[in-house]
Every structure is written in structure tokens, then in C-alpha cells.
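One chain comes next, on its own, written out as C-alpha cells in the form predicted alone.
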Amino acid sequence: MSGSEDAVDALLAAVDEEGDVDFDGLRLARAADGYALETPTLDRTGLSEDEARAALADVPAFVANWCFWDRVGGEGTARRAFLRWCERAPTEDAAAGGDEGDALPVPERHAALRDGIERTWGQLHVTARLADGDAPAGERVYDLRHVDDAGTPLDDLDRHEEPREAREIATDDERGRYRPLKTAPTLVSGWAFAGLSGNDLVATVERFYPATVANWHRERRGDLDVDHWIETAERQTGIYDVVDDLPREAVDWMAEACCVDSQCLRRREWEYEEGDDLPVDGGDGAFPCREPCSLVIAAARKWAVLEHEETHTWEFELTRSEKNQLEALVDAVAEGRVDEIREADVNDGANRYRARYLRAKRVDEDGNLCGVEEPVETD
């Protein structure tokens, strides 16, 4: 018996034992006068079992699609919704709509799965495709790699099999520095997971980007529980108890520093408090950020302390170019482009030799800018 015949048997058995099937454009019911079968291009009633089998054989994509998702199970779960998103199937419980405009009807989706349907999740590139060989009808497998490796053959990448190996890949950046924020856009490339099951795909993605699938799903269902800044800050204890002292405008600066696309792939959904939005754009990430993360809280503790310092008037003598250079240095460090500045590019104010020259000229042996140790006395 072929896999297609097995699939038809399973579908008929489901209708006989569990009742009508209505899934992804396929409707099959059993009435007193026989089976009723409906798809977007087919409408048959009063079918005998043999006639139903023959009719189902004419819509193999719908039958295989039902079989696969029946095996996946977990209706209403984040896992199932994510797997359907991966192949551009309509997600069954989307509240906000999201990218439902990308959804493909079953025949087109089934055809596209033969070549692979590609999706991007942060810096992850997911390819959903039909399994080869003797796999059950409609079975999907998933390939996962860095988005920068989307065009690289899997065999040319460092292959991994176990989802837990993703945690090690995500530990350090390209320069070997620890990545405290897993959703920072600094994931290394050059690796691949091939032929993952749906369960293993979700487990692997969650090791790269913890909780992103669950929060994305909650958002689509309209029940993402957002904790705004004030709520999060006020529940901090111990050494972090000071973060709720951070001035209102400093929270704006903090969000601009930490919670933008260039620093984090999550889309910030939390604000200062309900009804008081931060002026900084929350970003365009595929998955939401529901509360200030531990890295933001740790940084906020430092800024809360610094913001308690009084301002003073200082007097320095700088040329206009030197003032511009200091601003260029701050900008280069803030944007993380110091390593991109060529040594010979002395026109860039953040050039290393320009910086060393400025230090030699304007910073004394004790590290004081222009030799100034104390602020100007004011009344």
C-alpha cells in the first residue's frame, strides 16, 4: 500500500471515528447519503467509500497536508503556530493578523515545500521542506542556518544535529567575546542544522533566542503580558533597588542606547508605563520584547547611580576640530564601528592615530583632559 493510500485511509478513518474534517480548505463529512468532499476547486456529495477514495486521490496535497498536521497535533500551541508560520500556512489562532497576507493555499504551499519555503527569524534562516524517501505523507523537515549563510550549501557549513548544540554556538560572537544578550545581532555564522523535525526546530530556535516563540505566539493571540518600565523597576530588590530612581528622560536615553534594532533583535513593546510611551521607536523585530531584560536592568543600575551626580562647569581649550573629534569618538564607540575604521583613514575623527595624537596633545600623564582636574568654581 502506498503512502498516499495510507493517508486516505487515515483521513476516512478520522471522519468515521471522530467526525467531520474541516482543515486548510479541505472539508470531508459523512452524511446519510455518503461522504461529502469539498475543496476550493471540488464539491462532491453522496460519495460511496470507493468514490470518496477516488476523489481524495485527486487532491493529494490536501490529504497529505491534513495527515502531517494531524501528526503534529498541539492545536493552539506556540510550537504548532511557529511551524505553520515557517511554511506560510495561516496560523490558526492569530489575533492581530501579522503576516497572514503571506499565507499560501494548500496546493501552492505543497508545491513550494518541494523546493523549500524560507523564513527569517532574527538572524536565523529557516527552510521548511518536504521530507525525502519513505517519510509519512506530507512530512516536513527543517533546515536552520545563519541568515548570512542563506545562499551557502549545507555541506559547506559546520553541521550540527542536537538542539542543545545551539546554546554553544550562541555563546560567543565572531571575535570570541561572550554574548550576554542572546538576541543581540552578533550571532556567529558558518553553522547549520539540517533535516530537523518540527519539535527539534522549535527547541533549537529557543536555544538561540529563548522565549521568542512563546512571546510571539502570545502576541498573535492578543494576550502578550507586557510589563512596562515602572512595573519592572519597582519590583527590583537588593542592589537593583535603585533602578526606579532613574529619571524619566534617562529611561528614554536608555531605550535609545539599548533597545533599538542595531542592538537587539526583539521589538520593544514595553513603554515607560501604561499610557506614557517612550519617544524611541521600538524596532521592527519579528518577535516582541515584553519587559526590560536583565541586561537593561543591570545597565539602569549604573545609570541610576551616575544620574545622581551633580553637573559642573568645566573649562577646556580645544580647537573646533578637536571638539568634533571627541564627538566622532563617542559616536564610533556607540555604533560599534571602531574596528571598521582603517588605520590609514586619518580623516575619520575616531581613527586610532587621530585619537592617540589627541591624547598626546590634550591629556596629561594623570589622564586629565587639558590638564583640568577640578570644575570651575561658581557661586
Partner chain sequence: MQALVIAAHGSHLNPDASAPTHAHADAIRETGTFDEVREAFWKEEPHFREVIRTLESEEVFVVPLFISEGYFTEEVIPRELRLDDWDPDLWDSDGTEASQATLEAGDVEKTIHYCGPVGTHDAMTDVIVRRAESVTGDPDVGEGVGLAVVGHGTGRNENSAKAIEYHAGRVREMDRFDEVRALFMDEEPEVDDVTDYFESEDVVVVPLFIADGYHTQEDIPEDMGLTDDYRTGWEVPAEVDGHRIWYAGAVGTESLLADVVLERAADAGADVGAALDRTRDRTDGASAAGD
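Positions refer to the first chain, counted from 1. None of these values were measured; they are calculated from a predicted model.
Missing here is the form predicted in complex with its partner chain; even so, the following discussion is about that form.
Of the candidate stretches 233-241, 115-123, 142-150, 276-284, only 233-241 has residues whose heavy atoms lie within 4.5 Å of its partner chain in the model of the complex.
Taking the partner from elsewhere, N215 is found to have a heavy atom lying within 4.5 Å of its partner chain in the model of the complex. In the model of the complex, its partner chain sits within 4.5 Å of a heavy atom of D225.
In the model of the complex, its partner chain stays beyond 4.5 Å of every heavy atom belonging to G190.
Contact annotation for R290: at least one heavy atom lies within 4.5 Å of its partner chain in the model of the complex.
P180 is the sole member of P180, P247, P90, G195 with a non-hydrogen atom lying within 4.5 angstroms of its partner chain in the model of the complex. Checking H308, R71, R159, R167 for any heavy atom within 4.5 Å of its partner chain in the model of the complex turns up a single hit: R167. Contact annotation for 249-279: a single residue, R266, has a non-hydrogen atom within 4.5 angstroms of its partner chain in the model of the complex.
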